[in-house]
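To begin, one chain is listed below as structure tokens, in the form predicted alone.
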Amino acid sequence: MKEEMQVTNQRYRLGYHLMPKSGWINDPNGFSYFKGYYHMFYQYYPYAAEWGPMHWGHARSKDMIHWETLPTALVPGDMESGCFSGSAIEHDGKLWLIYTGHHYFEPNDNESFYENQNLAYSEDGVHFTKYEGNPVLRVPADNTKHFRDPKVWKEGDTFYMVLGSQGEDELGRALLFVSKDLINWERVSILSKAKNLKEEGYMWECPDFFHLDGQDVLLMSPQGLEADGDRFRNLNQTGYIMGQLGEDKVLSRGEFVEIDNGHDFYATQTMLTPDGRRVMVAWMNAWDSDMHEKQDGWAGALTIPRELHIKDDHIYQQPVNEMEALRTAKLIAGVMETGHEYELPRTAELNLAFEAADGELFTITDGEHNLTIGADTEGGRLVIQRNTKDGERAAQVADFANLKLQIFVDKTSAEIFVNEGERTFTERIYWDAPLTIEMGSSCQAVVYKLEEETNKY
């Protein structure tokens, strides 16, 4: 029997983000609410700090912030080489998981595979049984082998599934299916598809479809985008298209918009909370990220939960209100002066307001690893810079006259919310010493120290 990985060094471990006890984590899966708990599943490999045959890790929480890790929910069976991404839904008193079974024709040929959709269920939300009639959905005739990542929801007495796919033209697309029982599925439409390879990719991973503030939104992670200035700097990126769902169940859509402009953000999943909020999480890494924690027996984490709203035909993201409970002390309340340095705890929330922001605003550093934020007012861009390879990211920002930044620092990460969520940047930065913030411009500031440990294993 294989032995699970052990963490050998705590230097890069996060404080208040969901991460594995050890081993590898990527896409969030099955974000749901069942029997009084929020449940989060995730792509997981317990036996190495590398991507491997995918399991479903599992944690639960009362508040989406403090997580208790539970037994692994799904393990690849004899006929599966991996339990790939999917979703979860309550039905008939059970929590149902809908996941992609990934199968290799040849053990050592990663390109020789097929994919289908499967079910597992639980009455207690902890122990899961795979449905004996799997698979419940096989690849359609007009599709390539790329056919994965089901997201299921219910409207009235009908279940809907949006599924990532690649058509015969080798362009990414999202397919829409319906069912009355989660078992028998009928295809309804090609919900939407890529306009071309360069701008929208050859495969749409991790699709998610929902109605928000009068708009229909399709979130997805296209593979194969090409670099285009400040857009699509990662090999794989995540974004959305927005419009209205027609009677033909096809999305009348606008342009693809990148939802986070940082280096380390991929594979979103949302849920509708019991009180009606649309909340999103993502993998706080990307496939081309430097993941220095691998050498310590673990790799990857998930973002903090973010509530979504639409304003001016653009998705705004804000940290869920539950994040305020992490505040343990108010460290600064007043002006942070140009040219001054201030000590920062390694778990902190910064609320900064700049008047007429221009040029370099500040740098957060441990003396070696830097995160610098600046305002390029001539270009209308907020620019962040890490002193790593391909270190710059930028995004268009509407207002520099009263620039507001909310930044969550967590030991080796930073999540930056610009102008109340108009833009976000998500970054892994491998700080390993005490932090300071060096001010290039003065601002009004409120800085909190945050709780340092929210995971229970």
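Residue indices: 1-based, along the sequence shown. Computed from a predicted structure; not experimentally measured.
Another form exists, predicted together with beta-D-fructofuranose; not displayed. Remarks below refer to it.
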For residue 412, is any heavy atom within 4.5 Å of beta-D-fructofuranose in the model of the complex, or not? no
Mark residue 400 yes when one of its heavy atoms lies within 4.5 Å of a heavy atom of beta-D-fructofuranose in the model of the complex, and no otherwise. no
Flag residue 424 as yes or no: does it have a non-hydrogen atom within 4.5 angstroms of any non-hydrogen atom of beta-D-fructofuranose in the model of the complex? no
Contact label in the model of the complex: residue 34 to beta-D-fructofuranose, heavy atom within 4.5 Å: no
Going by heavy atoms within 4.5 Å, which of 445 to 453, 429 to 437, 21 to 29, 8 to 16 lines up against beta-D-fructofuranose in the model of the complex? 21 to 29
Considering 349, 293, 205, 200, which brings a non-hydrogen atom within 4.5 Å of beta-D-fructofuranose in the model of the complex? 205
If you check 192, 269, 165, 85 against beta-D-fructofuranose in the model of the complex, which one has a heavy atom within 4.5 Å? 85
Would you give me the residues of 22 to 56 that have any heavy atom within 4.5 Å of beta-D-fructofuranose in the model of the complex, in order from first to last? 26, 27, 43, 51, 54
